[in-house]
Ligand SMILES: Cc1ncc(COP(=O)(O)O)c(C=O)c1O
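The chain below stands alone and is given in structure tokens; this is the form predicted on its own.
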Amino acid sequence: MMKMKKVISTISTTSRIKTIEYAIRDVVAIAKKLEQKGKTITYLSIGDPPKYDFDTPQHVKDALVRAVNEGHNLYEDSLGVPELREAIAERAKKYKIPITKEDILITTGVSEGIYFILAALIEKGSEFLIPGPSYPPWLSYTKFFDGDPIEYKLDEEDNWQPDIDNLRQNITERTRGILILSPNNPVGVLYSEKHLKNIVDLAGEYQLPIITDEIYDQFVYEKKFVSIASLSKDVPVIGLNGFSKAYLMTGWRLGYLYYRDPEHYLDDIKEDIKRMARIRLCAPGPQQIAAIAALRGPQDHIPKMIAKLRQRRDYTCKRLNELDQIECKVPEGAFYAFPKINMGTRWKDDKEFIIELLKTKQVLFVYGSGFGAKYGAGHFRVVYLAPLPVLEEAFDKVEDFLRK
């Protein structure tokens, strides 16, 4: 008689993958369940400009169609289309970053660049210094590679500028690098040039690389963006940027990383990341051709976009600061606000506040602790991309929710 094999009821997954969290998308899952019950949700939670009243420039869309029709539908160089890398190097000169196309790698969105960098830097026992609060994938991917994300303080009382003393205190023999997010997601701070220089000096003192996420470099209001790569003479810098935000190409998934490394400290990392890029073949080809048109074509949509966002930022902060339970610093860049909520005894934490607001008023924000438990707790992130009438209705609901 044939012996029956035991049926496997579940397949276990690795402990590594269970560390992955992404608060921005996790709360959307709750909202979708409410939509299935017939509720209409106001989403002020995801930083996706084309989801609102911003559209990809027509000349960029036309370039994508031409690229497809002209046969750019095959595998490209794993490093990226050479002409696109040249265009990126030209753009870098605007920010006084002296790089060439050989210092640039095209990625499938900035997210892939984050993955590449942390795969090369982090292993079990490593520590990575991350601003608190910070964009969640930097935290999750550090844990994914068995490292420890260590939050250094962004000082809310100093309009979220980095606390250099706190940064120094967090450096140990296990530290593998210092991350900068400027303009920052979620708080919108633009690191001052003085703070950037202090970070360069600190990184040089401890022989650490600097990683700088610059995806919001064109989303600045009253001040001017300065790249830390332009200030570093010998400290190695790895930068990330992309086309999702400024060129309104979020769904196209195209980004890049660059190396500013005059002393060649990063040669091994650079070669190892190239090998990772070869494994995944290449970033999307037609999008790369269209991105050349984005960089070299008209840029007039950007100041128009910033003017609209400045108005929405000011309205958002005004409405939030009129509420007794909320305090909100005015962001200097990006398109996020990160208000503090006085929860009292009504809510146990910021996540409960966000979920109750969603279920009661159908307005969705993201809970602050999802951007770092140490410095994000007690806050929530607001995306102010929506038109003023949408923002007005949403904040009316928040006001009514807090009053009751």
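From a predicted model like this one, the values you see are computed outputs, not experimental measurements. Position 1 is the first residue in the sequence shown; the rest follow in order.
The same protein also has a form predicted in complex with this ligand, omitted here; what follows describes it.
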Does the 4.5 Å heavy atom contact test between residue 110 and this ligand in the predicted complex come out positive?
-> yes
Give a yes/no on whether residue 215 approaches this ligand to within 4.5 Å in the predicted complex, heavy atoms considered.
-> yes
Answer for residue 135 alone: is it within 4.5 Å of this ligand in the predicted complex, judged on heavy atom distances?
-> yes
So, in the predicted complex, is residue 189 in contact with this ligand at a 4.5 angstroms heavy atom limit?
-> no
Are 160, 227 and 329 jointly within 4.5 Å of this ligand in the predicted complex, each by at least one heavy atom?
-> no
Contact assignment for this ligand in the predicted complex, among 142, 288, 316, 185, heavy atom within 4.5 Å | 185
118, 181, 237, 105: which sits within 4.5 Å of this ligand in the predicted complex by any heavy atom?
-> 181
Looking at 160-168, 257-265, 110-118, 291-299, which one sits within 4.5 Å of this ligand in the predicted complex if you count heavy atoms only?
-> 110-118
Relative to this ligand in the predicted complex, which residues of 328-343 have a heavy atom no more than 4.5 Å away?
-> 336
